[in-house]
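Here you get one chain, nothing else, as structure tokens; it is the form predicted alone.
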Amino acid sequence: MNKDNKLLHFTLGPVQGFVSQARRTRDLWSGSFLLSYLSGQAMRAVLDGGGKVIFPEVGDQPSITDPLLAAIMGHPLSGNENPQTGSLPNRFKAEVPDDFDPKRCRDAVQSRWQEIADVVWERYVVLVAGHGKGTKEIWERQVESFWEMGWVLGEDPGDRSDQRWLDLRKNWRTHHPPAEPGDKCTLMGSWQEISGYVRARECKSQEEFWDALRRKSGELNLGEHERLCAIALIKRLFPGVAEDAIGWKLEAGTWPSTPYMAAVPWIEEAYEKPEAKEYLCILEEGDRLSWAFGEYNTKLPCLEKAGRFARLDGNLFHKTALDNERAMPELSAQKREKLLDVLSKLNRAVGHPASPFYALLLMDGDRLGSLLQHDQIDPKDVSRALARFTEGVDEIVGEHCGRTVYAGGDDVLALLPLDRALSAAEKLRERFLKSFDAVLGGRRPKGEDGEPLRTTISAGLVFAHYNTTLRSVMREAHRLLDEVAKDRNGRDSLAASVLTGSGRTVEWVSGWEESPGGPLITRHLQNLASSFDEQFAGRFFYNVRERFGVLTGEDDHTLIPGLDAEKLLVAEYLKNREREGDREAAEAVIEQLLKVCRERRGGEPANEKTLNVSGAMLVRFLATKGRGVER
């Protein structure tokens, strides 16, 4: 580092308050992308001011290697001229000239945000604003005051203690959002909706405003009961004006809905059946229902050959949704009856209905701050390893027929079909470990245990019913990752849960490996689930939960001293299978089942004195794919 330069740490937020407040998968992606894009504007201010971004690894001018920052700088990478995924984190570290003013970063973010807001306003809102009550004032107040930016500028302390600067800075609260009166946004509940009317006494005027805006923006962009604030409206409508707002098109129409993602494995099995063609014919006869083909290009590799059947609205794959007049009011009673009949025939031809569950995967590197402060590790190596990891994320998610919402630094957020989520998490972890191995090689310093320092990643995996709100799913993913996998289980762990509209039904956590360096626990889960029908009787798992739940501690699942869980489980297994003579086979099955039912902290062997029946219930869920059995 040049001795005349200084270090700058910069952060942009709120992250959860912006990204997680989502009703649709497109909101989730749009929020992640926009936050990443604005962070890139702050980085550009550093680069234009003669500085250099140190963390994350983005390359040097003019050879920027991050695709989003390269596009922002006006020199997009060949083959990725129009990046579609956010890849820049909301906080970064830079080396800047002594006279660099960090306000340039703040002004760059605010200026670009204002330009994006202006495009949305001019395209959709300005002609409707006259129907509102102070709409322009509400809009300007919210756009101006939403983002919270903080920074610390100082000389290099030489001991890497600058890595704590931003955490200390957060204790100094300087951002105070304005008071928000009136009716609140249906997506971001602490902000006023922009019509300005109070529904209790001005319902008609409020409805007229939102009806007018709905006609202007399109019903697919603004739902019947949605009344949004400026921030949520920009997030929702920005992708449609991206070419004017940021200079390139965003493929916002291709994001699969949650019912669609849940149905992906079933679509793969169904689309070639004669009943699938009959189903399409019913939808195409008479009045054309354009909304029925709304998921026209979800870009899921596994469905490339599924043709028009894979373009159907996700709700049309689920009997419960199809039978709900409120979910699809455009269908006539006669057509709905025909569709229900053919869908039943199609389900019989496939052998089962579509699962109502999809997966949301959130991953994050462990103890990254400590790693960057380690005096024997070059922070540039950490940055290079993370860049190497990020480069491979989208390919891995795509191979598992999912969509990457965000991939930057050590963070990953992805939507996946239920049946491929564990494998995707496993491959992403493998990529993370190999990325650090490739960069650090044999230069790893020793940790506190005297062994070479490990670089690990944890994951929160939510199997969610498609009717569960995305806000709840995101909140659950963060809880699993931060509280369960990292804090409670010591990191280097995978935490999973099953979330229905009525709440959480299963929660499970384990270190990734059966024992340090041993087989992956995810493999055992998948093997047990795939052989579920041959190996387990229907009541076995419920009996295990009922009988063994009372034999262990509520918090740590410690067995009563002297209790042999394996012998009891074998006895229960044989009783359910009614085959007393097959004890050897039963012991082999139970041995494998116990591997996913023992408490196992990250990087440690299993605690043989514990039994967590959630592991067994997760196996059952994965095997049945949650088809009507998890409530």
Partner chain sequence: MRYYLLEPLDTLFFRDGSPFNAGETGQMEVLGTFPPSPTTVVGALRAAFARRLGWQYGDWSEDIKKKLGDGADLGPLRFSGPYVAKDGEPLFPVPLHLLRSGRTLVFLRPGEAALSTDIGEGRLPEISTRTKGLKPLEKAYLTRRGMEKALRGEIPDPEDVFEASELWSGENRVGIQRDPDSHTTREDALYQTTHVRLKKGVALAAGVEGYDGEAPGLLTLGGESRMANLKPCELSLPEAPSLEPGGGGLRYTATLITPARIRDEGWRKPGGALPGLPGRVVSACVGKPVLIGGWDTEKKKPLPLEPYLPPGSTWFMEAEAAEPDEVEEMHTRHIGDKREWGYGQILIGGWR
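This is a predicted model, so every value here is computed, not measured. Numbering follows the first chain given and starts at 1.
The same protein also exists as the form predicted together with its partner chain; that form is not shown, yet it is the one meant from here on.
Using a 4.5 angstroms threshold between heavy atoms, residue 75 stays clear of its partner chain in the predicted complex. Its partner chain is not drawn, but in the predicted complex it has a heavy atom within 4.5 Å of residue 183. Though the partner is left out of this view, residue 125 does not reach within 4.5 Å of its partner chain in the predicted complex, counting heavy atoms only. Its partner chain is not shown here, but in the predicted complex it comes within 4.5 Å of a heavy atom of residue 169.
From the list 169-177, 329-337, 266-274, 139-147, the contact stretch for its partner chain in the predicted complex under a 4.5 Å heavy atom rule is 169-177. When its partner chain is considered in the predicted complex, only one residue from 550, 281, 200, 438 comes within 4.5 Å through any heavy atom, namely 200.
Put simply, of 347, 320, 205, 472 only one has a heavy atom within 4.5 Å of its partner chain in the predicted complex, and it is 472. For a residue to qualify, one of its non-hydrogen atoms must sit within 4.5 Å of its partner chain in the predicted complex; none of 260, 430 and 505 qualifies. Contacts between stretch 222-248 and its partner chain, counted in the predicted complex as any heavy atom lying within 4.5 Å, involve 225, 227, listed in sequence order.
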